[in-house]
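Shown below, as structure tokens, is a lone chain in the form predicted alone; questions about how it binds or moves come after it.
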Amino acid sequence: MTDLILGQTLSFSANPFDAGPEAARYDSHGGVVVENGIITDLGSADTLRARHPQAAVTDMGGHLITAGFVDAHAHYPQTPIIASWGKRLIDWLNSYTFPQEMRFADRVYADAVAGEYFDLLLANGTTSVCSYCTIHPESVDAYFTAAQARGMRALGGKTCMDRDTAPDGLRDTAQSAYDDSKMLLEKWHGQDRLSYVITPRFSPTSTPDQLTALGALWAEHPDCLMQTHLSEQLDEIEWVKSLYPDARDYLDTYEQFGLLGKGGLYGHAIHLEDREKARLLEVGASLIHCPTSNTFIGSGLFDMAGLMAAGQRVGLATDTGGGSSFSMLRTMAAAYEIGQLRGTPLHPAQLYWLATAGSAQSLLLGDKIGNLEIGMEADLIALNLTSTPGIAQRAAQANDVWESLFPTIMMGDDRAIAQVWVGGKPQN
């Protein structure tokens, strides 16, 4: 079966942080051809109709067809506690996160939350995600099972914590972290569209022995990614220094144990020192910006403009449930607001690239997802650019595609997601 999806289309030929808005490719009446879950042709609607006369046509009218959103950092077990009132990071973890994560030893509960989580993602136009699970292997099995059932591209791993800074009932050991992670990696990595990610939560909740074990596991499986947290809050950084007094900086608590490299995903990365920036750039690591989380927990203002100008690889993420929304539209809006507070506002082309192609590239999946390109996986969304009266009245005054799209970025929610395709299959 050949499917032809018509509408306005938006994709990228380059990074708009480097090339400007001209990096975007926009067609006011374009289309995407999909065969067996893969994009096989792109172009104007009239050209594609003539080229594929036997195709089954889905005409989305004035809706904007783009790649589905890619969420590069999330905590699916925190779904039930999203938007819980809190003070600072450590208080929030102890009050809400850790008690919630203890429940994931129960596979039935883990399955229920995982299913709800992926349904929420699809409702918000997110077709790919990279998530932390909990210390329990059951949480990983539930996560990948739910993603696999929906045909989604998903990345994730067992969160590892063995230091007594984590609560009783939510700690493993250096050996069990290695053994469980290896078992789960061998079970899930490369199955369908699933990828295992080695996952030390962050250095304050792992002993040097555990970080050494996970560094060894990553060295044994360099095709896997590794995810953790870095320099989210100033008091967190001081805590790290007290636990690792010999480390040169926060990043060194990973680097000295083999947990720095290309394929490393470092969430937040707000308060970086010069040496850390230089080493992250040198190895080609990925920094993951979590704007709604950073404002919700009061962490600070990520230096998107400075880091991108320096050549860092950056992705965008909700960080649910520290982040306060499942929507990458809301996440883009928060990234714009943080840019404004730093005096470096982001163009809509930059925001949308971050939520799609940029995040895909941060996960080293830029050749598979995050853009409309021939040969890429057909994870697509159709955006209704007039989904609410407030958005519609502003869009009616638009002079170009960016003025049409920006109101949806700033004010849109799940009502703007007119359709989602995962592997070319419509989801609602």
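Each residue number is its position in the shown sequence, starting from 1. Because the structure is predicted, anything quoted here is derived from the model rather than measured.
Not on display, but discussed next: the form predicted together with ligand GUN.
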State yes only if every one of R103, I135 and R171 has a non-hydrogen atom within 4.5 Å of ligand GUN in the predicted complex; otherwise state no. no
In the predicted complex, the residue from Y336, F257, W92, Y178 with a non-hydrogen atom within 4.5 Å of ligand GUN is W92
Answer key: of I297, M152, M328, L225, within 4.5 Å of ligand GUN in the predicted complex (heavy atoms) is I297
So which of 162-170, 194-202, 142-150, 340-348 is the stretch with heavy atoms within 4.5 Å of ligand GUN in the predicted complex? 194-202
Test of understanding: in the predicted complex, would T253 fall inside 4.5 Å of ligand GUN by heavy atoms? no
Contact of S293 with ligand GUN in the predicted complex (heavy atom, 4.5 Å): yes
Heavy atom to heavy atom, is T127 within 4.5 Å of ligand GUN in the predicted complex? no
Just checking whether K158 would be counted as a contact of ligand GUN in the predicted complex - the rule being heavy atoms within 4.5 angstroms. no
When ligand GUN is considered in the predicted complex, the residues of 248-278 having a heavy atom within 4.5 Å of it are H268
